[in-house]
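The chain below stands alone and is given as structure tokens, in the form predicted alone.
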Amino acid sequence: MKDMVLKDSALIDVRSVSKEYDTSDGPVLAVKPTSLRLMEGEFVSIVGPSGCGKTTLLKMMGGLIPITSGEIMLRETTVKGPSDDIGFVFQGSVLLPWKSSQENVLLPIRVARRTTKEDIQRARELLHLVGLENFEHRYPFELSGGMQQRVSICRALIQDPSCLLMDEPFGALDALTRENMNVFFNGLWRQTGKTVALVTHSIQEAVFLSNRVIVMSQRPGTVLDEIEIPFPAERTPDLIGTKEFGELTSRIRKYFSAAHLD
């Protein structure tokens, strides 16, 4: 398979954005003025110690929480709230237990408007794309953790967003399932060409999946480094054992030797 060609334009542009929370003990600065760009078709991972503001930054990028200062642009539009052009995948699959896989995928459509035959067909196509073509009518309790997350990813894709923002989506899975999901998602990213931003505590996962890894500082968080990942777009588990892979993970780990990110 040929490598993907990234477009030379920013889908999301974070410009000197900060976030301050009001608490009973006074204001707390969670994210210092921070700038970064997500290019069209790029896969970016954000790593950093617990509490450094990774998830806060992700939520601001998606318009889920307001910024304190700065500006975030989605193409030519200022982000002021959630957009159909941005899909979210969270650590838990957050599936409704009384709804089937297909109904869970269709949930964002049903909230916005009445579903059509085309919507139902798209939901089925997405479930087929992630290998769940025979599980449309199964309920969450009938699915493994990895399968539930695949349904969650389909739900994030149902409105065909340009960008996926993912907050520790594989963190609750066992090690083997997580590795399999990494390989699966690499293939899905290559097939769909979506722009992806992934927050993860796993340095190995970040290097395996990304074009670029953004390293954040301790709280209040800001960008310490941006590390280009030079591997071909298609990734296989054999990559993890290579010298080049080990050197990149070690380079990132040195920033957080006492933080135990993995």
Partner chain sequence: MRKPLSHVPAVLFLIAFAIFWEYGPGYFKIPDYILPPLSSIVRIYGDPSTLSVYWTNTLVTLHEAVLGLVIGSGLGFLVGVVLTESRVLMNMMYPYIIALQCMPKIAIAPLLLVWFGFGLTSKVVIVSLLCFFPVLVNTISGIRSVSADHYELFYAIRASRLKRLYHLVIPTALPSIFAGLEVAVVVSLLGAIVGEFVGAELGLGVLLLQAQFQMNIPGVFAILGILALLGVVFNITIRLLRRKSLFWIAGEK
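Numbering follows the first chain given and starts at 1. As the structure is a prediction and not an experimental result, all values here were calculated from the model.
Omitted here: the form predicted in complex with its partner chain. The next part is about that form.
Taken together, the three residues E133, R150 and G187 lack any non-hydrogen atom within 4.5 angstroms of its partner chain in the predicted bound form. Its partner chain is not shown here, and in the predicted bound form it never comes within 4.5 Å of any heavy atom of P161.
In the predicted bound form, none of the heavy atoms of L224 sits within 4.5 Å of a heavy atom of its partner chain. Contact check for K99: a heavy atom falls within 4.5 Å of its partner chain in the predicted bound form.
Put simply, L64 is close to its partner chain in the predicted bound form: some heavy atom of it is within 4.5 Å. Among the residues M181, M73, L107, L129, the one placing a heavy atom within 4.5 Å of its partner chain in the predicted bound form is L107. Taking L157, L165, V79, L95 one by one, only a single residue has any non-hydrogen atom within 4.5 Å of its partner chain in the predicted bound form, and it is L95. Heavy atoms within 4.5 Å of its partner chain in the predicted bound form belong, among the stretches 31-39, 210-218, 55-63, 229-237, to residues of 55-63. Taking a 4.5 Å heavy atom cutoff to its partner chain in the predicted bound form, the contacting residues in 136-172 are Y139, F141, R155.
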